[in-house]
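Here we start with a single chain on its own, the form predicted on its own, put down as structure tokens.
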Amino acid sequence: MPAGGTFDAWRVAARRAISHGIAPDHLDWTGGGGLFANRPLPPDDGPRQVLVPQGFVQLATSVIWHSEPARFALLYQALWRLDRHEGSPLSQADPLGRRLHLLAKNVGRDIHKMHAFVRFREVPNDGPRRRFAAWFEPEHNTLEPGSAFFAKRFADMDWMIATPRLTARFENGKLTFGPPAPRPDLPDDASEGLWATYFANIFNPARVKLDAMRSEMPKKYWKNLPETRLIPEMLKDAEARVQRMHAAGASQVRTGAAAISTRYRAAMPQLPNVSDTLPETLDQARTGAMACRKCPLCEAATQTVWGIGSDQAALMIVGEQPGDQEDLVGRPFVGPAGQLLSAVMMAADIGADKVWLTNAVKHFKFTPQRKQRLHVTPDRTEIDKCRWWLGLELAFIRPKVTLALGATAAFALTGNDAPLSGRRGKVEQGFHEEPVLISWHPAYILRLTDPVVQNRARDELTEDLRAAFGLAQGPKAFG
């Protein structure tokens, strides 16, 4: 089988063999799909057409990337049995099915490790796009299925990932695969020092669990990760650092923080777990949010999505959380819901430069389903944790009116979780003691299937935007 396009090559050979009724024990998959005694496969498909369940295709597209030499033969055995209705070769209760599922699980784990442990370094390039390269040693043949992730994540740059089996190249938006290459002599990356400093500073010696660390970051990957050379020294000093942390106790408030601390507490008196050390500018707050680890959402999301717009805005618009596109781009309201919001703002004659757009929760919460990431509504704990950052935006921007889009934003701003249907279009007092006007979230409007109901909800959102903007222009928005 070829190093690239393996699944397509196997599928063509397997379809031809099964169409001619060639039994599994008459095939030798180690020699490129030919028959025993050096006889090749027939040049054309045979008369027999085989239909297989979607589950087999999904399993095969994963198993095929395993390094097990017998994987092609095992998949063909399953195909043969499915065609002849011999048992349940896809069931984990079946020995063959159990083995195939284990291979697929190992492949999935290997792809996850690749996404986590590939480290790019910038290389010289004369063209307009920046160019990066990386060396990685996967356990299985996972470069091809795993590269789509990097093509989507780093679409604005050219890059190469070299492995002992295959090389992936992404140039001018096109992903191609070629023969393996020797390990490249990559130049030192100027950002590695910054990354090492960040890695060392997020290390918590009081939470060291060596077995868990080695499970999530196996030592075989360490040689290609610049941060891992710091681990031995950090572990060596871990116990002493824990003792110093206990001895130090609470730290002193940074000079100059008192004013913003007083202002923020006055704005958000009911926020839990408010730190004594607060950022002094909106930019500092944004920088802090980029490294937020207050809740587990940061572990799966691509990045923190901070608010955008005018920092002098009299109107702040708050949604629920970033969506899939927002998570990748790093800006709020750029997906379908954002496009609807832009259209409604245009209809209400409200320019984007007149408002501050943000979300109650700054990380994307989702559940993966095949190649999609499906939205999941944040729970109360996540909303409470992220209210810290929403409160900072309110404290620094000081809008006269805030428009809450949807139930999550309304709860984050007011603490009221009552149904939205009886609150839409009404003004409530927020935690920050300023008015909050409640309206529909654009995503809710997009989900409505009845055109009449959808148009009505859109008109109501437009009406609420005009009302909120009008209140914000008055000398006193909330009496």
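Sequential numbering from 1, following the sequence displayed. Worth saying up front: this structure is predicted, and the values here are computed from it rather than measured.
Another form exists, predicted together with uracil (URA); not displayed. Remarks below refer to it.
Highlighted residues 345, 354 and 464: none comes within 4.5 Å of uracil (URA) in the model of the complex, counting any heavy atom.
Residues of just one listed stretch (124 to 132, 382 to 390, 104 to 112, 325 to 333) have heavy atoms within 4.5 Å of uracil (URA) in the model of the complex: 325 to 333. Uracil (URA) in the model of the complex comes within 4.5 Å of a heavy atom belonging to residue 319. In the model of the complex, no heavy atom of residue 432 sits within 4.5 Å of uracil (URA). In the model of the complex, uracil (URA) sits within 4.5 Å of a heavy atom of residue 337. In the model of the complex, none of the heavy atoms of residue 402 sits within 4.5 Å of a heavy atom of uracil (URA). Counting a residue when any of its non-hydrogen atoms is within 4.5 Å of uracil (URA) in the model of the complex, the one hit in 425 to 453 is 441.
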